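In structure tokens, the next block holds one chain alone, the form predicted on its own.
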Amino acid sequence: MLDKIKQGLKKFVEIVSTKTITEKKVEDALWELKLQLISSDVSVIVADKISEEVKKSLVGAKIGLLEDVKEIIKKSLRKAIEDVLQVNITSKIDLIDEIKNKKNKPYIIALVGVNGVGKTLTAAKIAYLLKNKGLNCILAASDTFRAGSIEQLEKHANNLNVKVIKQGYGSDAAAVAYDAVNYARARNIDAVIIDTAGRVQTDKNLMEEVKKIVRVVEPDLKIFIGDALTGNDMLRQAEEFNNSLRIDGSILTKVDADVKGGAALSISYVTKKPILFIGVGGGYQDLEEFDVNKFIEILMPN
């Protein structure tokens, strides 16, 4: 997991770590690091930002006789990566607290993204998480387009003993979401999780459908679901959905299989919205809260 970026960071530390850190040495090493980052699906703008910040902190740095040069370089890399992951993100979203503290139930969560990224499974994982925290929820089958989508959601719901609100295929997706919210409101249910149809981000008609869902039910949280393995494609998708819907955060799937790691490193910077959770397996329990410090620890070379 995240092996390619880690190797690039390690190589950079090894090249630069002498008692004399010259501008030429840093620039040459940063060029190699930048190429490694970009080949690992880090966006060009993020690779540039990390390089600029590292250069700024290292060039001309005064290093004492007893100081560990490698640790100074690692500290510089860590700070640059941390800044990228947290840029313009003023407050962390604590989903459980937000649901518990909402006065007018239900708390409405809409999941959006393209085809095949794992939205339906992620909806089930969120339901599992909420149930384990003592919260009740229902699922809204607002993917009325893809064959088998309703049955797939129902199978997960049956496994979790959670109710699904549905209509037939081809029905109005916003009407399904509306029915689910009204059902939850009448029964004092804590949360509604809306599973929407996957769409190509450039398909204007399908994007209008998810916009209609947002207009009709006014979700408390609009979450972009992205497949970490698709790299820069995921970043383009996230940017388009953010421009169209103003997403509140992201959940990345298949992070456990992502040896590159560039998409996870870039998405917060691109959207200016936090990563909320990461999917690390196919089980309902395999949804982890995203921890910036833990992520950086995995990336940083020994």
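Model, not experiment: these values are computed from the prediction. Note that residue numbering begins at 1 and tracks the sequence as displayed.
One more form of this protein, predicted together with a small molecule, exists but is not displayed; see below.
With the small molecule omitted here, the record of contacts in the predicted complex names 143-151 of 127-135, 102-110, 213-221, 143-151, defined by a heavy atom within 4.5 Å. Of the residues given (Lys34, Lys273, Lys254, Lys260), Lys254 alone sits with a heavy atom within 4.5 Å of the small molecule in the predicted complex. Taking non-hydrogen atoms only, Gly231 never approaches the small molecule to within 4.5 angstroms in the predicted complex.
For Ser171, no non-hydrogen atom is located within 4.5 Å of the small molecule in the predicted complex, even though that partner is not displayed. Gln167 falls outside the set of residues with a heavy atom inside 4.5 Å of the small molecule in the predicted complex. The small molecule is not drawn, but in the predicted complex it has no heavy atom within 4.5 Å of Leu95.
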